[in-house]
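A single chain comes next, written as structure tokens; it is the form predicted alone.
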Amino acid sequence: MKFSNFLGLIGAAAILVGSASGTAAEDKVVKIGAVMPLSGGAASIGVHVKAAFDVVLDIVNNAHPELGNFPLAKSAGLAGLGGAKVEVLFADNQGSPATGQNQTLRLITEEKVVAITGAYQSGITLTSSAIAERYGIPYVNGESVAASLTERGFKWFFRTTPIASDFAKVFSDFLADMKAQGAKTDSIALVHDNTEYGTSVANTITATFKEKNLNIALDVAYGSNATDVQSQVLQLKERKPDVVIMISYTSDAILFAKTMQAQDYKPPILLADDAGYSDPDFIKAVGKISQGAFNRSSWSVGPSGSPSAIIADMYKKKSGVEMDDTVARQMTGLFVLLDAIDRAGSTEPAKIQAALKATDLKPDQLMIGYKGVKFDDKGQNILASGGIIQLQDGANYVSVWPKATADKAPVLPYKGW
């Protein structure tokens, strides 16, 4: 080959490479990893999260002027990265901490995601986020409440949701109000699974209630994904606590509701710690026999035409079910992560981390009822907050506490069926 021809080939190749890189810049895709349960006992959550994240991507990747000043909605794509589109790559954690860990490793090393969100169950978030920490990849959690997650000295982990201690205070204040209105709250039972979520939340509630002089008279633990909870329900029936606090994922929550009906057991007050009790599959399966159940929540649809109401409508059209608190908190986590990437103007992990640390979102910039989003040195959102909702009118949750933001008054005692 003549030298001149060789140079010509190099020149042509350079032009092709230059064209390809130019196209890549214009069509840049920001890849986010989502470690979620797509199989196993919490698989229904994974289905709902997929629909929810599709809505987030629609809002971020396309212009939505109807959402007004809601972050990331005005333009198509991430403006800070020249209109780059966002893609979410899902990985099935199968309800297993070890699998969640392995899937996080795959997303980081093989899929080259720039950040991670997940993993719903606190025990899986624990192992999954440890991998992200090791590789220096930002990890934003929107829904796991175990207090231990932000007590590990991690630098790459950020959590937007209220934590167990926040909700324990919500529970104690709510029960104090109910007592002031004449309800008996002298004896309280905790029912929880033996996962990181169930155990840590039960311990946090116990510690908080002790400070408030609330009596935990009974602690009922059981194996996650149980097939028989008759003995647990019999314990409750025999001891007759005034309040039963349920800390359970979806399949267990459904089983408890059916077993309570079979054994004709109704506690005077049934108060749930979100999780399975917020899952639309729970409401569909046993909502009609769980009337009067209280639940914690940070979600409210809001007035017609508000961003929260518009987003809720988009989600219902996508999923076929109403927006619930768990999904709303997960969506908020993803929105916060993408807002940080947009402000960073970069997909470099350190710049995303810096933007997350600088986050200071106001209530009107959120789709959920937090006082804002601002992280402390541990990565915990110090402005997260919540209230109490109740299953009323068939199979719908309504806000009942605090009174200032309630849609309806709480109804006692627990009706069940």
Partner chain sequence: MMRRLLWPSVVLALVIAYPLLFSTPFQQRLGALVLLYAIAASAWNIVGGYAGQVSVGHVVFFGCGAYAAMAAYAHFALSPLVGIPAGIVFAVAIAALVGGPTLRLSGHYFSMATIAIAELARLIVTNTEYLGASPGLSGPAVPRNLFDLSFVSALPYYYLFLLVLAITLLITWRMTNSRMGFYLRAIRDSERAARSLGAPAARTKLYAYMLSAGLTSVAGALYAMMFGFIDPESGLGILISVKMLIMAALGGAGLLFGPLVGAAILVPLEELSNSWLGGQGAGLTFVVYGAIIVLISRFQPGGLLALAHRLWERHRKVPEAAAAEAGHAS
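Numbering follows the first chain given and starts at 1. Small disclaimer: the values here were computed from a predicted structure and weren't measured. Superpose the two forms; the largest set of C-alphas matching within 1.5 Å is the rigid core.
Here the subject shifts to the form predicted together with its partner chain, a form of this protein not shown in this document.
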- Proximity to its partner chain in the predicted complex (heavy atom, within 4.5 Å), stretch among 164-172, 125-133, 278-286, 314-322: 125-133
- Which one, Asn102, Asn215, Asn225, Gln261, lies within 4.5 Å of its partner chain in the predicted complex by heavy atoms? Asn102
- Message: Looking at Lys237, Lys184, Arg152, Lys85 here, can you tell me which has any non-hydrogen atom within 4.5 angstroms of its partner chain in the predicted complex?
- Response: Arg152
- Message: Would you classify Lys351 as touching its partner chain in the predicted complex, given a 4.5 Å non-hydrogen atom cut-off?
- Response: no
- Message: Test of understanding: in the predicted complex, would Glu196 fall inside 4.5 Å of its partner chain by heavy atoms?
- Response: yes
- Should Ser385 be classed as touching its partner chain in the predicted complex when contacts are defined as heavy atoms within 4.5 Å? no
- Going by a heavy atom distance of 4.5 Å, is Gln94 a contact of its partner chain in the predicted complex? yes
- Task: Assess the spot marked by Leu38, Ala98 and Arg106: is its partner chain within 4.5 Å of a heavy atom from every one of these residues in the predicted complex?
- Result: yes
- Message: Does Val201 move appreciably between the shown form and the other one, meaning a CA displacement of 2 Å or more on the superposed rigid core?
- Response: yes
- Would the C-alpha of Tyr249 be classed as shifted by 2 Å or more between the shown form and the other one after rigid-core alignment? yes
